[in-house]
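One chain comes next, on its own, written as structure tokens: the form predicted on its own.
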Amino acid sequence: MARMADLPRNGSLTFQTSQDHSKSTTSKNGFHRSCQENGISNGVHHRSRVTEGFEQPPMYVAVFTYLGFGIVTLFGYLRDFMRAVGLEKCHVAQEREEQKDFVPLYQDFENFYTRNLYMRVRDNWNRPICSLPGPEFDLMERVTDDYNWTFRLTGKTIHGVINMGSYNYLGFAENNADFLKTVAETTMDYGLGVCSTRQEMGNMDIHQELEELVAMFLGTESAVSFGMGFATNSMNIPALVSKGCLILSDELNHTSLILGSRLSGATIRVFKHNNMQSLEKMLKEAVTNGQSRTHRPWKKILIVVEGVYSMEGSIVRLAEIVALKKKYKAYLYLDEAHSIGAVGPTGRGVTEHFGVDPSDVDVMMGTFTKSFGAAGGYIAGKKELVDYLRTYSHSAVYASAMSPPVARQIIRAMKCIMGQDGTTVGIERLRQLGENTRYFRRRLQEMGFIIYGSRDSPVVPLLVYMPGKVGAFSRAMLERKIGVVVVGFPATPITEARARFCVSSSHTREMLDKVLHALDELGDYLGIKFSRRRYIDELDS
């Protein structure tokens, strides 16, 4: 028995699904021996091991974390009561008196977290930067007179803050006049804005040059670019799947992927993070049982994953997912926002990292906002897929075309990575990023911190756990002229608040050592060195 499914108006994604899997090479733990037979991509042998760390903290850490949230919540209800009876001033947006009988615009319970928890640590976000966001930046000093409800600038500037939060992986967010000469020339020739969509008057030769270069860089037939990275996911997934289709989404996927999946109208099922047993179980059920009520075959089954997960620092188990995708005749959508340019010996992402043929990935998505120091995103794959998206993607049809200087910056950075600029700057930056990443991760583990993710991932989450320590950590780091990003619930699980470091090739060893010294000092002061494992150098094991 076989199943047929067609993407509407796109014959290139037609597939047949056979339910005869008697020749499967899957072992009991879900690992596919066939994935070890993947060829060599870009002349680089793939890695057969996926080495990641997700160490669990001692039990008392979870207990005190829940206790901390409980205490803050209790005081939150007390303060809400005081606001209701007029004992405390209420700063929250409210409906006017004549609108009280309408459906409420502001739900008290929904805003409870914002009023009583987020406001306590609001000063750690949206800090105004007044310089280039390179390895160091300048920060405008601000203070609050009403407990973070409003801020005012003091007129002072904090200079030389080490930037450990931007996604400037290869240091292309720079202001070197020699490097940016072509970008300046493009600005003079084309101006800044296009003021039209690609289908009308905004399709320029520089956009076509960019897309041809992206396809060459990735090793795909074609590519299409978009002006916004978030919209690349949220507006293109609805063009690929719809009602009657099934999306299998990793539980830690980015919000843009989640939004795009919801907008599509397709059925969404979530599998455990990087868990091949969980994914295969869902694939098997989908192929065997079909749709929930009618048991009709799914029109399409789309697996949606990321290359590097931005909050965990983990790398997708691509080779195994490709093996599952082939076995069950599903489609694969790969978001390489944080991996393209930052992972792989020549920066070509997780396909190069694992030696997977790019043609085995049906939809390759990525952004230009990280490694390329620009803006926008792309989707690459077969020419039929790209042509289809040019016609039916809302982002391609209705959004303004990419700014020409931005496109030139991407071309400049990509040619530098590929060595087409006649220099070795690109490959040197890639090597430096790898060295910085492994050094920074190794030192943190030696100090006793719990960090998540792969040893090759430049995204380094350091677990803080307790809500009261999140704000204290960020403020103390800023006092030492180090800018960090702290993240907590609801962006992370309630017990896993963290600081997320993004390592860059532009960080010098002196900068990293200064950050590490501050972390070692604060780790002892705040008591956040929770690791119970001694570090073992994986290269020597």
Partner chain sequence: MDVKNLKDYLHWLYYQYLLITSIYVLEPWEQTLFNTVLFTMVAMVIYTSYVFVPIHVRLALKFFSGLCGGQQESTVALIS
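Keep in mind the model is a prediction, meaning the values are calculated, not measured. Numbering follows the first chain given and starts at 1.
Beyond the structure shown, there is the form predicted in complex with its partner chain, which is absent from this document and is the topic of what follows.
S.K.: Identify, from the list R438, K281, K272, R120, the residue with a heavy atom within 4.5 Å of its partner chain in the predicted bound form.
M.R.: None of the others qualify; the residue that does is R120.
S.K.: Of these, R412, K469, H254, R348, which has a heavy atom no more than 4.5 Å from its partner chain in the predicted bound form?
M.R.: If I apply the 4.5 Å criterion carefully, the residue I get is K469.
S.K.: Thinking of its partner chain in the predicted bound form, which stretch from 284 to 292, 75 to 83, 264 to 272, 304 to 312 has heavy atoms inside 4.5 Å of it?
M.R.: Looking at the other structure, the answer is 75 to 83.
S.K.: Would you classify G68 as touching its partner chain in the predicted bound form, given a 4.5 Å non-hydrogen atom cut-off?
M.R.: Yes, contact at 4.5 Å.
S.K.: Mark F54 yes when one of its heavy atoms lies within 4.5 Å of a heavy atom of its partner chain in the predicted bound form, and no otherwise.
M.R.: Output for F54 is no: heavy atoms all beyond 4.5 Å of its partner chain.
S.K.: Is F489 near its partner chain? Define near as a heavy atom within 4.5 Å, in the predicted bound form.
M.R.: F489 lies outside the contact set for its partner chain.
S.K.: Looking at the partner-bound form in the predicted bound form, is A518 within 4.5 Å of its partner chain by any heavy atom?
M.R.: Contact with its partner chain, no.
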